[in-house]
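Quick heads-up: it's one chain on its own, the form predicted alone, in structure tokens.
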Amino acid sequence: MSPHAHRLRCSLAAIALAWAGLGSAGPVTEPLPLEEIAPGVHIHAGHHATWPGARGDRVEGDVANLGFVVGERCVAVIDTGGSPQLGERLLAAIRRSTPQPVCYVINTHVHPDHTLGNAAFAALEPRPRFVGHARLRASLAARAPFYREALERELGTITREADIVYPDIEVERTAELDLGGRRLLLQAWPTAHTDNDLSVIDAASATLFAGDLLFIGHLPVIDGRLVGWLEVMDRLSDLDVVRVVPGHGAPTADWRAALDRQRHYLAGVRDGIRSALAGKRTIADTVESLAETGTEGWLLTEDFHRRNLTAAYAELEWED
């Protein structure tokens, strides 16, 4: 064999080995797109859609806002997405953005679009600490079988019991996390959107991660206590923050106006249901009569408005 032929064969073999190596490594995880809304504060914007979406749909669990804050020592993640695969994409985006390790994963509440990406972070070494409301564990345990079944049915995603990751730091009132030169202030709220809502303030940028205590665009969803949610919103409006990241919708500095719009919708549901109860109307009649009211300008009303009316009726019929 000539020297030229030998070199050519070696080159072709090297190329073949390289391609084989790429194939064995599997597909590269595509990082989620991010926006840096303040120095060291990054978010991924979810789609306005219902969870989990459909197989082949570009959404596939990507319906909630996700974020992370970078300190001098480490990173805190705030919500992880609606599937383990989405959590992996968020982790890939974090690794592309900073060399700092993830030390905390904070879940703002139990809903699957905020918690089911946790498994991607639980596999890290060292394992980050998982943080949630003191009532998150019980709520997540009760709902986990439904969440897992929905992922398999809708997306073909098989999950294990171990993929449901529970908090190991439970916040009863307030807590503070140190990321190294950067503090996060956590507050557990009374029953509002759910019975386990937790908000996060990055003190350095005065950014509030409100979770689903605030919806923008996406119709608010009642899964806790309507009257309690309105009370919590009054307390939120007193917070000294510059911008708010809602659970759904665009981050905004005009967040009090967004809070007022949400209050208008929820108060309208409350007042409509109270009026119907005073008139001794049945739940079916009440829902039907209010089904077309109060939803102008909101998205996903067909999916959630009747459900909200039903939940509000069940709550308010027992008012004193």
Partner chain sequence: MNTFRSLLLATALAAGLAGPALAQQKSDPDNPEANATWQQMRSAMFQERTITSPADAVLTLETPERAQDAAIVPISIRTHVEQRPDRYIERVYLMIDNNPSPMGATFHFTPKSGRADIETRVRVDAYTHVRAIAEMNTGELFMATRFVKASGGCSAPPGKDMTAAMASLGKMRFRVEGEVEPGKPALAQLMISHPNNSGLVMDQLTRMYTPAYFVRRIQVSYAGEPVLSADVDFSISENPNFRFYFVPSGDGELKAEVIDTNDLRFETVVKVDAAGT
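Every value quoted in this text rests on a predicted model; they were computed, and no experiment measured them. Numbering follows the first chain given and starts at 1.
The following text describes the form predicted in complex with its partner chain, which does not appear among the structures shown.
Visitor: Mind telling me which stretch in 145-153, 203-211, 81-89, 99-107 gets its heavy atoms within 4.5 Å of its partner chain in the model of the complex?
Guide: Of the options, only 145-153 has residues within 4.5 Å of the partner.
Visitor: Just to confirm, with a 4.5 Å cut-off on non-hydrogen atoms, which of Thr252, Ser275, Ser289, Thr50 contacts its partner chain in the model of the complex?
Guide: Exactly one residue meets the criterion: Thr50.
Visitor: Using heavy atoms and a 4.5 Å limit, would one call Asp234 a contact residue for its partner chain in the model of the complex?
Guide: Answer no; every heavy atom of Asp234 is more than 4.5 Å from its partner chain in the model of the complex.
Visitor: Given that its partner chain is not shown alongside this chain, does His264 nevertheless sit within 4.5 Å of it in the model of the complex, heavy atom to heavy atom?
Guide: Although its partner chain is absent here, His264 would stay clear of it in the model of the complex, with no heavy atoms inside 4.5 Å.
Visitor: Hey, in the model of the complex, does Gly71 get a heavy atom within 4.5 angstroms of its partner chain?
Guide: No.
Visitor: Can Asp195 be called a contact residue for its partner chain in the model of the complex at 4.5 Å between heavy atoms?
Guide: The answer is yes: Asp195 has a heavy atom within 4.5 Å of its partner chain.
Visitor: Go through 95-127 residue by residue and record those having a heavy atom within 4.5 Å of its partner chain in the model of the complex; state none if no residue qualifies.
Guide: His111, Pro112 sit within 4.5 Å of the partner.
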